[in-house]
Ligand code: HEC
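First comes one chain, alone, set out as structure tokens in the form predicted alone.
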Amino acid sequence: MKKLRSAFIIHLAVYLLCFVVWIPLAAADNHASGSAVSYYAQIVPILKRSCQGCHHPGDPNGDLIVTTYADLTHGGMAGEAILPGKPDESLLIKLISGDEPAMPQNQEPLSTEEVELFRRWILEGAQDDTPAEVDALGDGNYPTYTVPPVVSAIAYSPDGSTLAVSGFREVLLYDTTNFELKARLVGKAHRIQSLTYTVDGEILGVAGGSPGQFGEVQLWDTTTHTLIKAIRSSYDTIYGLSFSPDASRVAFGCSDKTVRVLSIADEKELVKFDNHGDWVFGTIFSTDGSHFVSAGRDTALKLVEVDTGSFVDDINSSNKGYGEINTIARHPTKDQVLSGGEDRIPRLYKIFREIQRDVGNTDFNLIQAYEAQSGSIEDYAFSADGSRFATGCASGETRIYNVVDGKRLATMQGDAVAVFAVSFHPDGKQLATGGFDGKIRVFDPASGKLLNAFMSVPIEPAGSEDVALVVTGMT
């Protein structure tokens, strides 16, 4: 059976099952050849695919941003990009057409048909037909669930008082004594893929997005439960959020094969690393914050210098056939990274190479390979003291190991189908898991005993009409 990857296959399936009231349904083929070109249905998809990677708010190449109609028509350093009714005088047409078009950079040129769409749209007046977004959430209105969604991310706060759990467009905060719901943080991103706290616990970082629309980093004040800022980057859901040790920067992986590092203070994109060959699912900073490690579908663990964005090394030997990497985690106090995914074997690596690479591309950085899991590895968690780690697997099983000798300490059924998220309580006396069936299970790591189990979200009777957005699906 093919592995169930939460970042892609599982969440795609769930999205087909999870219907919400607001869904934009414009499609390019609904427009006959003789009708007006639609900006929203025909132009925007091309901009997302070929242009937004270099022209978004975090990295406005040439001061040109194309993520919104207003920014696109405003233009950049070279002046107005679009002159309505005058395609041949519009800078945008000059950049995307010709024998050797200047845009998009480092990608296939737009097809003749696509260039003609832009030309016709501008000739027709470059109208914005984006439908108004109706958002019934906020001001105390929350999603109403008839069944629980897949749990893709969980995290204990550094002081251990709170367990953060992913929902649909929200993060739910539970008290860790009685596991009562104490707050709900609702944002714009439909999917929540990653949750992590700053070391001091003052900020909860959220990574996710809305598929095919935007990726988003949300930063929440953990004292007031208010949104500090939401930073959009890339045109699709983002993954594997991590904070630098001083909490001045965030890193995350993208489906456009890049890793982005942003400055929290001014939201500026500091690094756009594009040396991966496929989707990037995980990022971690080194203990001093000078480097980051990233990993994903291309099987590679890559080491990058933060200040320069320079690629330093492949930490692992990607020619060993280990398979796609779904998750990575850094040891709490050491420059060591735990990697796992498709081939089901946890591997612990030194982040910095101590032995010169040989022609055989030997796995010199490997500290230890642990026993194979019962399914593809979907998430890791280290205990706060770094002595143990837990695995969450697509088989629904969770295991706990000694880091040093690899001894298996406990085995638990963390989900009825697949575990996508695991987290240790800071005191080491709780391990929380979440996954496909939407339940949170809390175990005693020492004995493997189930301490508590509850739905990740409040469940309402079907047909509830007291809020404007209802999420349905399957367990």
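What you see is a predicted model; the values in this text were computed from it and never measured. Whichever C-alpha set is largest while still superposing within 1.5 Å between the two forms counts as the rigid core. Residue positions are given as counts along the sequence shown, with the first one as 1.
Beyond the structure shown, there is the form predicted together with the ligand, which is absent from this document and is the topic of what follows.
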Please identify the residue among Ile203, Val304, Ile96, Ala329 with any heavy atom within 4.5 Å of the ligand in the predicted complex. Ile96
Would you mind picking the one in Gln368, Asn402, Asn275, Gln105 that has a heavy atom within 4.5 Å of the ligand in the predicted complex? Gln105
Considering non-hydrogen atoms and a 4.5 Å limit, does the ligand approach Pro45 in the predicted complex? no
Do Ile154 and the ligand share at least one heavy atom pair within 4.5 Å in the predicted complex? no
Indicate whether the ligand has at least one heavy atom within 4.5 Å of a heavy atom of Thr411 in the predicted complex. no
Does the ligand come within 4.5 Å of any heavy atom of Cys51 in the predicted complex? yes
In the predicted complex, segment of 264 to 272, 141 to 149, 107 to 115, 390 to 398 with a heavy atom within 4.5 Å of the ligand: 107 to 115
For 68 to 83: residues with a non-hydrogen atom within 4.5 angstroms of the ligand in the predicted complex? Gly76, Met77, Ala78, Gly79, Ala81
My question is whether Ile440 is one of the residues whose C-alpha shifts by 2 Å or more between this form and the one not shown, given a fit on the rigid core. no
Taking the rigid core as the frame, does Pro101 move its C-alpha by 2 Å or more between this form and the one not shown? yes
Taking the rigid core as the frame, does Gly428 move its C-alpha by 2 Å or more between this form and the one not shown? no
Checked in the predicted complex: CA of Gly76 to CA of Asp256 differs by 3 Å or more, atoms lying closer
Is the CA-CA spacing of Arg49 and Asn275 tighter or wider in the predicted complex than here, given a 3 Å or more change? farther
